[in-house]
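Have a look below at one chain only, the form predicted on its own, in structure tokens format.
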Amino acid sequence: MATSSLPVPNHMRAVVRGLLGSQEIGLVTVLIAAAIALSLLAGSHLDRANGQIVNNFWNSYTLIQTATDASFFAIMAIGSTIVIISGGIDLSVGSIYALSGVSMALCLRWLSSSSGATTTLAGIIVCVGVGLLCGLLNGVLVVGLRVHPFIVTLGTMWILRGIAFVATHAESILVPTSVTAVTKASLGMGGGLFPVPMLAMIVTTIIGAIYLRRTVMGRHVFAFGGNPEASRYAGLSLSRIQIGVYAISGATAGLAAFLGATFYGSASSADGQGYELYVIAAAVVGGASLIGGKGSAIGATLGALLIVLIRQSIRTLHADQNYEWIIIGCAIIIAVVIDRWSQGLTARRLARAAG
């Protein structure tokens, strides 16, 4: 008896075409290939708890730990991607991370007698609030001084970390266990697995994607980054957009600081050093264009996962960790070259269509 293939609905075809044509599909492919390669090369070991052979990479502990390590960078990368889409840059996210974390730790030291729920809520408010204020400061300085964002955020990077250093006298401030218990909740998984940072990363990614793709404000960010002059003639408030994107970047750095400080149990002025490099690398590898007008929250998260996966692969394969910076640097250059090549290809295609 002959069988006839069922027709594929048009909306399903559109979804498949949309997925295959998305700018993130390449990153997803690379991540899958890297995970498969690591699983094959990592080897295995005997789990003494249950007597089973476990892959050194493809196991629940390593996968969730990799996602946890990526979550702090990814959350900040989403905010930084929004800034990059607008045509700006934020070098101060690592310092905002440090200042937000120590501000929370110092505040919670005063509230040590409060209940766990109150302390946790206060910690979130302080961290995100300090980050938001720092982001607003960056935005106001960029708009008010009319200086390139690179210079402004380079200055605030040193200023904010200096404030954190002075406020703590270079000491590490412990976070109350009632707050760390929230971030390190197992949520029933057990086995030393703490999925809260990973879940926070997923939620932030969804919110960032909705903001950029489904809201008027997000479309304004793309318009401003793609063509500031056209946006000005269209009547958009350019100063409000610029201040807004830096405020979002600061708030996401504050959220990441809360998760990081409460996960590791302490905060210091040295926290987040070099994070701005990982964050910008995640945004660029995730498809954000440094000239503005292009990027996505999902791409930023995938970029952060890829960079952390590179770090994890070096540890899992017992390779020389000094190669980490070389590999990440090469990944940034390759991503920028591919982006420029893709833009040139698109421009030539449009020119041929117009001709």
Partner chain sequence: MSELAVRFEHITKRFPGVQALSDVSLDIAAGSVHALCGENGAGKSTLGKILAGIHRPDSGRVIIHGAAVDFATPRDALAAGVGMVHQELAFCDNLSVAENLCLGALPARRGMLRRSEMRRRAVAMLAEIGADLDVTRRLGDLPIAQQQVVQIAAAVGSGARILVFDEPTSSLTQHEAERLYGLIDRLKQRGVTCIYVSHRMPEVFRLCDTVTVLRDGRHVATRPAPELTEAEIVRLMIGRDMAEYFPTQTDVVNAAELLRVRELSSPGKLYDISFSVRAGEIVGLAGLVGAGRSEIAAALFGLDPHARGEIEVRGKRVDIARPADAIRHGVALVPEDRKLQALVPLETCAHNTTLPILPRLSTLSWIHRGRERAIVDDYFARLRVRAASPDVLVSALSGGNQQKVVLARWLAARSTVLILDEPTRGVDVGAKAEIHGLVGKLAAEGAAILLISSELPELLRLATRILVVREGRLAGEVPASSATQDGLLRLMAGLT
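This one's a predicted model, so the numbers in the text were calculated from it and none came from an experiment. Residue numbers count along the first chain shown, from 1.
Separately, the form predicted together with its partner chain exists; it is not shown, and the next lines address it.
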item	value
Per-stretch contact check against its partner chain in the predicted bound form, the hit in 124 to 132, 229 to 237, 263 to 271, 93 to 101 (non-hydrogen atom, 4.5 angstroms)	229 to 237
Every residue of Ile53, Trp58 and Ser60 near its partner chain in the predicted bound form, heavy atom within 4.5 Å	no
One residue of Ile202, Ala167, Ile210, Ile151 in contact with its partner chain, assessed in the predicted bound form (non-hydrogen atom, 4.5 angstroms)	Ile210
Sole residue of Ile159, Leu136, Met217, Val147 within 4.5 Å of its partner chain in the predicted bound form, by heavy atom	Met217
Tyr275: touches its partner chain in the predicted bound form, heavy atom cutoff 4.5 angstroms	no
4.5 Å heavy atom contact, Ala223 and its partner chain in the predicted bound form	yes
